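One chain follows as C-alpha cells, the form predicted alone.
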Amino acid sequence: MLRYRRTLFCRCSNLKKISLYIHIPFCERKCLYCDFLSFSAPDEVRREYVSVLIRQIKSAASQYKDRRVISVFFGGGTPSVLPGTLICDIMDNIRNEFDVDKSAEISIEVNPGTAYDLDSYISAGINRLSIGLQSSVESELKKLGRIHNVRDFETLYEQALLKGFNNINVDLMSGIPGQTLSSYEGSLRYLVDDPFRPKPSHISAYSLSVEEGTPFSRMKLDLPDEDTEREMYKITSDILSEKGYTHYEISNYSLAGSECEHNKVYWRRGDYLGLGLGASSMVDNVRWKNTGSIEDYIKKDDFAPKQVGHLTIKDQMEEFMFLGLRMKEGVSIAGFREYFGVPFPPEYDQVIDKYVSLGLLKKDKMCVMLTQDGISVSNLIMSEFIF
C-alpha cells in the first residue's frame, strides 16, 4: 500500500502547470569534478534540513494554489543519503500542500554507493530513478572520486528492476582522465549489450567539464583530446540508435515513452519552482535563487528569493532559441511566432543562414535544428543567438 495521502483540490482544467525541483545538498563525499552545492553533514543536520525544507514547501505552496505539479525531481548532492522515511515525509507534504497531477513524473537521483531505500521510494510514489554510474571501468571511477564500484551499480539496478521500477536513467560520462575511446565504448556497451539484463529506459551521456574551484581544476589531468571526445559522442549516438534509443536532446537518449519530462520543462522554458538550499526557480519569466548559506537556511528559515531577475522579451527570445536547439526537434518557427507575436528577428535569420550554409544547422518550413555536425559545436552556435 502506498504511504502518501492526497489532499483534495479542485481539479480545474485551467490550472497552470509547474514543476518542482527539490535540492538535497548532502553527499557522503564530494566527487573530484563536482561544482554543485553539496557537502557532507551529520545525520542531525540532515534531519534539521528536511524539517526546514518542509516548512519552505508549505510556505511556497500557499503562493501557487493556481498551479498543478506535473513533475518533481529530487537532485543534489545525493538525495539517496537521506533515510527513505525522510523522502516519504517530503513527498507527503508536497502532495498535501500542492495539487500534484496523478500522472506526475517523480524522480530521484541515486548513488549506488549509498544506503538507498527503494521500498520507501515506492511508498512515496517515486516512479523514476536516475542512477549515477558514470563508467563501468573501476579505475575511471576512482579517478573521478566516486564512492561506488561497478558491482554496487549492478546490485542497485537489479534490485530496482525487481521492485518494479521500469523508468530508470543511467548517467554515463565521457572525457574522464585516462579514458580511451575503447574504454568509453566498453562502458556504453556494458549498459545496452547484456542479453540477461534489460537496457535502461533512458541514458544521459555527457562530457566531463572541469569547473573552476573543483579539485580537478587544480590537478594536471590526462584528458582525451577533442577529436577523441568528438568520436565518443558519435559512437554514443550510433550505438544507442542501433539499440532503439531516440537521441532527443544533446546529451539524452530514451527508449519509447521514457523521455525525462522534468528536464523537458527546462528546455521548453516551462515554469519550475526550486525548493531547498541554493535551488533555482523560473515562474512567469522571473528567475531567482534560494540562499546558498546552510546556516541562514536552517537557523533563520531564510526563504527570501535571491538574485531576482525579470526576463525581458530579448532574454526570453534568446532562451527560446538556445534551449530549443538543445532538443533534437529543434526550434519551432510557428511556436516562436505564436509565443512572441513576431517572426524571427533579422539578426537570428542571419545566424541561421550562416550555419545552414556551413551544414551545421538545418531549416525547413517547420523548425530550425542542429545537424549531426552542428551538435559538436553547439555551444558556439547557441552563443550567437545571445546579443
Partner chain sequence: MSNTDQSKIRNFCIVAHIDHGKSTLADRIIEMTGLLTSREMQSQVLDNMDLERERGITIKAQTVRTVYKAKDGNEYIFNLIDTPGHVDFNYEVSRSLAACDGAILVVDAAQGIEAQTLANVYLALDHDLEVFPVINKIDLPSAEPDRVKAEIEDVIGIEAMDAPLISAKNGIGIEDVLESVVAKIPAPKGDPNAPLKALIFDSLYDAYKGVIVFCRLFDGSVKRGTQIRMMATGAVADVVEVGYFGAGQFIVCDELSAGMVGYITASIKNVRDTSVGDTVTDNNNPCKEALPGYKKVLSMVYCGMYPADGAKYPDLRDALEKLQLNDASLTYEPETSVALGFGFRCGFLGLLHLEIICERLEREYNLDLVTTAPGVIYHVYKTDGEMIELTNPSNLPDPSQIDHMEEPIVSAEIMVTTEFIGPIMELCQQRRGKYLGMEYMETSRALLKYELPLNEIIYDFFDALKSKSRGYASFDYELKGYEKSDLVKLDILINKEEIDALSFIVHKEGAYERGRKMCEKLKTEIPRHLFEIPIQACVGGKVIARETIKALRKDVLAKCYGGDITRKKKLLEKQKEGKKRMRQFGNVEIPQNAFLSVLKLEED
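Numbering follows the first chain given and starts at 1. These numbers come from a predicted model, not from an experiment.
Just so it is clear, the following notes concern the form predicted in complex with the partner chain, a form of the same protein that is not shown.
Within 4.5 Å of some heavy atom of the partner chain in the predicted complex lies at least one heavy atom of residue 355. At least one heavy atom of residue 360 is located within 4.5 Å of the partner chain in the predicted complex.
Contact annotation for residue 368: none of its heavy atoms lies within 4.5 Å of the partner chain in the predicted complex. Put simply, residue 375 is close to the partner chain in the predicted complex: some heavy atom of it is within 4.5 Å. Interface residue among 302, 109, 271, 154, judged by heavy atoms within 4.5 Å of the partner chain in the predicted complex: 109.
Checking 296, 171, 259, 185 for any heavy atom within 4.5 Å of the partner chain in the predicted complex turns up a single hit: 171. Remark: none of the three candidate residues (114, 140 and 219) comes within 4.5 Å of the partner chain in the predicted complex, counting heavy atoms only. Heavy atoms within 4.5 Å of the partner chain in the predicted complex belong, among the stretches 154-162, 235-243, 279-287, 94-102, to residues of 279-287. Scanning 323-339 for heavy atoms within 4.5 Å of the partner chain in the predicted complex gives 323, 326 in sequence order.
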